[in-house]
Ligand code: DGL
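Only one chain is included here, represented as structure tokens and corresponding to the form predicted alone.
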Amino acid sequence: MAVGIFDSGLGGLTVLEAAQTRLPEVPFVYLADSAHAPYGVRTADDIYDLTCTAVSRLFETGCDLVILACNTASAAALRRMQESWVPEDKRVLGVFVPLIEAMTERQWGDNSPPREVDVKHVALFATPATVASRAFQRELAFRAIGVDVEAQACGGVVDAIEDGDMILAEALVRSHVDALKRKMPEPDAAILGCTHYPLLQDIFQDALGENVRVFSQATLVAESLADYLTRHADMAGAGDSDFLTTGDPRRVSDRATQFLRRQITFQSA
């Protein structure tokens, strides 16, 4: 038994790496649904079905706890899964809430009424499906009032990263930041609402300017996971770490090795 981490592709490796650094004693099984990536241009029902299939596969490997290290899946599928699909002895958690907790400076699990926070103007960079779901705005409204959110759908960025074309990815990021700043010239903070985007965090920061605080998810999710496992130690599990993909294992392994700069070997899911 291990903790499962799921992403439509390889962006969730940023979360996995942070989680392994924070929790070296915990085994992780990572599943990339590379055959169906990217999710960001799919319908909500399609994302839900694909996510349930992938999480079921992680349950089969012995994972009782699965992290959706995919903002699109967290936005379009998580709430529906938790309400009607996840078995009582399993847990599926997303990546939005830890980010919002950090941005609004609320403690993990703080369920007090929403209140005013220092951040007033927030730029959200995410996939088209995440933007369309408005899940970030919904979760933010549970915790803060008076925050203006301007969302920018960053089409093409995930594809470029998955293809290893970082020159194109950088150009697209700068273009999307320019488009956002035409709508919100002076954001206080920026949310990188896709786990692929930390690979280009320096580019986002440079394009936005040094005065904009950029929130990235990997370390925040890792800290929240550590807190969760402190309170639910039985979910940490034991067993062997593994990397699974629905795509071509050799190709995915090569890309993952490039991302993490260490040898990663995927097996067929």
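All figures in this text were calculated on a predicted structure; none of them were measured in a lab. For every residue, the number given is its place in the sequence shown, counted from 1.
Quick note: we don't show the form predicted in complex with this ligand, though the next part is all about it.
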{"property": "Any non-hydrogen atom of residue 204 within 4.5 angstroms of this ligand in the model of the complex", "result": "no"}
{"property": "This ligand contact at residue 158 in the model of the complex, heavy atom, 4.5 Å", "result": "yes"}
{"property": "Any non-hydrogen atom of residue 124 within 4.5 angstroms of this ligand in the model of the complex", "result": "no"}
{"property": "4.5 angstroms heavy atom contact with this ligand in the model of the complex for residue 194", "result": "yes"}
{"property": "Per-stretch contact check against this ligand in the model of the complex, the hit in 86-94, 69-77, 110-118, 181-189 (non-hydrogen atom, 4.5 angstroms)", "result": "69-77"}
{"property": "Interface residues of 16-45 toward this ligand, as seen in the model of the complex [heavy atoms, 4.5 Å]", "result": "38, 39, 40"}
